[in-house]
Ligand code: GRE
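Starting off, we have a lone chain in the form predicted alone, written out as structure tokens.
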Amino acid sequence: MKNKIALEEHFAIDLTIGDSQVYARPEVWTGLKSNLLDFEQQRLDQMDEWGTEFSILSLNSPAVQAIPEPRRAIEVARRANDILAEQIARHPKRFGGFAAVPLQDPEAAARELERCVKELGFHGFLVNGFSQVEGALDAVVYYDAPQFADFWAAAAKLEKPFYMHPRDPLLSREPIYEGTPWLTGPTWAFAAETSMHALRLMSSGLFDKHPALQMILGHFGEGIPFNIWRIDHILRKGRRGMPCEKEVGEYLRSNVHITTSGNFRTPTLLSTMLEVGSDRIMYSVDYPFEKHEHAASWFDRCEISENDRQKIGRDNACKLFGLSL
């Protein structure tokens, strides 16, 4: 398939590149660093070779979310968004953008998101999990908290989706990972942390207040589709004060989209299709942490219908983001 659209594709700037070093072995860091900072060489070459026509780019993780000082978070987010906008202007048929938002200051985050969508033409925003905030050394905020109500209202008004992207939990708050660094990051901690955050949003009533708001989850939904029956089954026995109006699975099928990023396995794809339908799944790579070669070699040949391949590889993204390529 030669005209795929990918939407969990990352870049870094000089102020955030160091955040990604922990996810690379020393012998591969030089190459990963180069690819994160690059827009016009390896990135476009790989897209061309493996059939990705258009990539929606986002800042590496955790970046802005790991800056407790609101003023600094605002500065870094704005700089990253301006750099991305410059590259999109150079290659408008190849790149789109997700805004970085400084949610340490919800009002400033709403203003920056509005600027990115209305002035820079971005397709929504991507947030790298919880935000660290000033106060205690390990103080963090999750986005179902009351102080984000106005931010979500502003985001919903823009009618653009948001991508809930992983970050590692802070070890001071999750000591279960202590001594087992091989289980952090994309091995397990990413999915556990991100799925919990997504479930908080889905069960908080957010999508009752803003029923048109759409969330994107990578890596085949961070495991949620494979556990949604049990989640709803248990909650039917007692909702325990849960404020949302519907079952969690209803939000999964009406307010969540799922990508293939970094999870290139046909049984996983088929199971997700059975749970949410092929209209809510979109192709992604997770470049440069994953390779276009691996994603495309799998997706272009996996055992699904050509109609579903076209929808997942391109059409669903065109519909969600209003793309006319």
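Residue numbers run from 1 along the displayed sequence. Since this is a predicted model, take the numbers as computed values, not measurements.
Form predicted in complex with the ligand: not shown, discussed below.
The chain is drawn here without the ligand; in the model of the complex, the stretch among 248-256, 129-137, 148-156, 184-192 whose residues come within 4.5 Å of it by any heavy atom is 184-192. Within this chain, residue 39 is remote from the site of the ligand in the model of the complex, having no heavy atom within 4.5 Å. Proximity of residue 289 to the ligand in the model of the complex: non-hydrogen atoms within 4.5 Å are present. The shortest heavy atom separation between residue 61 and the ligand in the model of the complex is within 4.5 Å.
The shortest heavy atom separation between residue 165 and the ligand in the model of the complex is within 4.5 Å. Contacts with the ligand in the model of the complex, taken as any heavy atom within 4.5 Å, map within 218-245 to 219 alone.
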